[in-house]
Each structure stands twice: as C-alpha cells, then as structure tokens.
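A single chain comes next, written as structure tokens; it is the form predicted on its own.
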Amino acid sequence: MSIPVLTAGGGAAAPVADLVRLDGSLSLIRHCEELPELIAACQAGLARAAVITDEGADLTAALAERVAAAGVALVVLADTPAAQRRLDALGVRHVPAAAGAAALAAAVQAAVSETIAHSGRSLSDPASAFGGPGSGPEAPAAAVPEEPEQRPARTTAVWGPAGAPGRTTVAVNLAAEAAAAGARVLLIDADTYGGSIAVHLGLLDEAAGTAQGCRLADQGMLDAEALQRIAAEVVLGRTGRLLVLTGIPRAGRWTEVRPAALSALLARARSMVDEVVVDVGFSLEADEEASFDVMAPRRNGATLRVLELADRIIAVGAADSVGVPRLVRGLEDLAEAVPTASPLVVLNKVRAAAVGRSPEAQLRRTWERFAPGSIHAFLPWDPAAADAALLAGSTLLEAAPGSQLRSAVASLAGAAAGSRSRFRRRSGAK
C-alpha cells in the first residue's frame, strides 16, 4: 500500500518530484503553497506524511505539533548546518536535498513507521481514523543532547486550586532552599493567569523570561547560552545562586506560553541544572476542546503539559474550611486530567484559629475521611515571616531564616543538614 504524501514550500523539490517515479511506495497527492494549507490538509486526513522542501524556515514547534497531532509524519529537506541544528532542536526528521529520491523515500517510510508505532495504529487504517484534528500523537519534545555522565534534572511542579493557597510562596522557597543547599536550580513561572514570582523576588523589569524562552524554543533556537542569557540570577546569601524565568506580566499574553514550546524549554533546562521548579496555574479545565478548532491555543495547556512532564507534583491547599474541600475536588480533577500524577499533598497556613485545637491532627482525621492518600507536609501560618519576605522582595531564607515557616519549607525541600554536600557532588561545585 502506497503512502500518501503532501509537500510544501519551494526550494530544491527535485527529489520530491522524483518520488512519483519510484516503485509505488509513496504517492504525491498535493503540493501546498504555505504551511497553514499543509496543516489543514493534514487535519483533513488526506495524507500520512508531509515533506517540506525549503529547510523548514517557517516551521515552529507549535506547527510541528499540529502536524503530529493529525497523525502525519513530517520530513524536511535541509542542507545547511544551521537549518539542520534547528530541526534537531525541534525534534523533526530531516534529510539533505542532495541525497536523492531514494533516501527521501526511506526517511519518509521510517518517519511513518515511527508515527504508527507511537499512535498504535496500523498502516491499513482508513484516513479518517488518523487524520482527525487532535487524534494523533503529540509532537516529540525537542531533542536536547545530554552529557553522558549527568542525569537530567528533577522537575517539580507546584500546583494548587483557586483561592491563593500559597503556590508561589512554596515554589519560590523550595527553589531557594535547594539553591542554598548547593544545587543549580532554575525557577520557572508558568502561571498563565497570575504569575507573581517576579514580584516575590523583587524582579520588576517585566522581562517575561518564560515567554522569551518559549519563543526561542518554538523556533528551535534555544540553546544553553540563550537560556542563561534570558534567565535572571538571584543571589541568596554568600553562596547560593538561583536562576529565574519570570512569568508574563499581563494575563492577556498567555498565548506566548504554549505547550509544545514549553516542553522544549523544560527539556533544555533539565540538561543544564540539577533542579527545575515550576509554578503553574490553578485551572485544569479543557473547555477549549469543545471549540471547533481543537488545535487552537489552550490557556490551560501550559499547566497541563508541565504536570504531565513533572517528576514530582506538589499540590498546595489552604488549611481551612474553604481551602481543604477545594483541594480535595482539585485533586479529583488532577487525577482525571493527568492520570499518571501522584501528587504530594501540602497543607499551607495551618493554624488553630481556622481548624481548632491540635490543627494537624484535626486535618489528618478530616483528610482520611474525605480524601485519598495522605498529607505529606504541613506549613504553619506565619504571616510575619511571609510578609517580611514579600516586603523585601526576597526569600524566607534571607528575610526570616529562623521562622517556623522557613523551617517547614526547608524540611519539605529536603534541604536539611548534609544535603549541601549531596548537591555539590552532583553539580561539581567546590
């Protein structure tokens, strides 16, 4: 059975034209003038493979994801080293135009086989089975080479339901404790509703580092040097250093933080540091899927993508009669949205005034009755310490080092005595 192929772009199209003279393994069905036309044809289920002949100059991670989501394999003809490096960063298969029709046909067949293996479909499935919008596999995350002796960094996502349970406070101070313990840490603000890490740390230049990183990653241009350049550095005491990608300053810019680009950003970050901490938004809704264009940008896509990719999820809830039920319902939504998630439950702002005598014991008993799993940690209500840190644009480690809240967050971070040497051995610090 021949594989239906779409083409797009100008450039060196001779190998593509020669495909029609091969043994019938591939058949050309349409040439598209622009990438939007190609994507529309892919989503209509017209082909199993697409070939771009102009080195993919206009191809981005988001467009590659849309092609892959339609179940269509993508191959680009690229001769220049710069274009090849960019396509490698996007995770897109490419061959030199000078390689000829046979090499291109082999690349297309390999790409289709890989797509079929990823989706679990067979080559004989009808076009309607694989061509519908959103029915195919996701585009692979950007391929970031790793040093053989270094393991990828652990990614921690800090999430919580609506109602200001303290997600950002926990994320900022978790990252600070790890950095103070000797780790190389990157803190990312991926909250598309109300990012506030910049305010917490006194970084008021509105650099929108996360949006900048996503923009470069979407174009396949995010390397270690670029990520280091757009990240703000926060000095913690005498030895600690924390890299920060600040969030979008206005909620209306949420379209700049798209899932495909954020995946590539996280992949690059994991190859550079020991620990990545991501503060995400509260909403897990997927109402956008009810719209006609299911591949349109999704406001909650960034949150869902981070939760899918995270090695550890910390679910933060407020320890009161409003916050606990919200967290219980939120965890049910999280289990439905990300079935692989196994969050660590953290109750914040624990105080007897809101719960009663022996608040931790009361909360444990309530949790056992109404919620699955157990509570991983309690963070005490300590407004003096939290206010001092926020007023100073700093962390608890610096503004209130002896506070109960700082001690509880340090325990949650695993930054007790002795962890400094563990991080330093891994990062190579002296």
Ligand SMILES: Nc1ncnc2c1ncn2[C@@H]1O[C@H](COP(=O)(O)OP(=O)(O)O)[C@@H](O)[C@H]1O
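Not measured: the values here are computed from a predicted model. Note that residue numbering begins at 1 and tracks the sequence as displayed.
Here the subject shifts to the form predicted together with the ligand, a form of this protein not shown in this document.
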{"query": "Within 4.5 Å of the ligand in the model of the complex, all of 4, 7 and 32 (non-hydrogen atom)", "finding": "no"}
{"query": "The ligand contact at residue 247 in the model of the complex, heavy atom, 4.5 Å", "finding": "no"}
{"query": "Interface membership of residue 348, the ligand in the model of the complex, 4.5 Å heavy atom rule", "finding": "yes"}
{"query": "Contact flag, residue 367 vs the ligand in the model of the complex, heavy atom cut 4.5 Å", "finding": "no"}
{"query": "Partner proximity in the model of the complex: residue 215 to the ligand, non-hydrogen atom cutoff 4.5 Å", "finding": "no"}
{"query": "Options 161 to 169, 110 to 118, 264 to 272, 96 to 104; stretch whose heavy atom lies within 4.5 Å of the ligand in the model of the complex", "finding": "161 to 169"}
{"query": "The ligand: the contacting residue among 69, 375, 386, 63 in the model of the complex [heavy atom, 4.5 Å]", "finding": "386"}
{"query": "Contact residue in the model of the complex, from 41, 49, 405, 397 (heavy atom within 4.5 Å of the ligand)", "finding": "405"}
{"query": "Residues of 310 to 346 having any heavy atom within 4.5 Å of the ligand in the model of the complex, listed in sequence order", "finding": "none"}
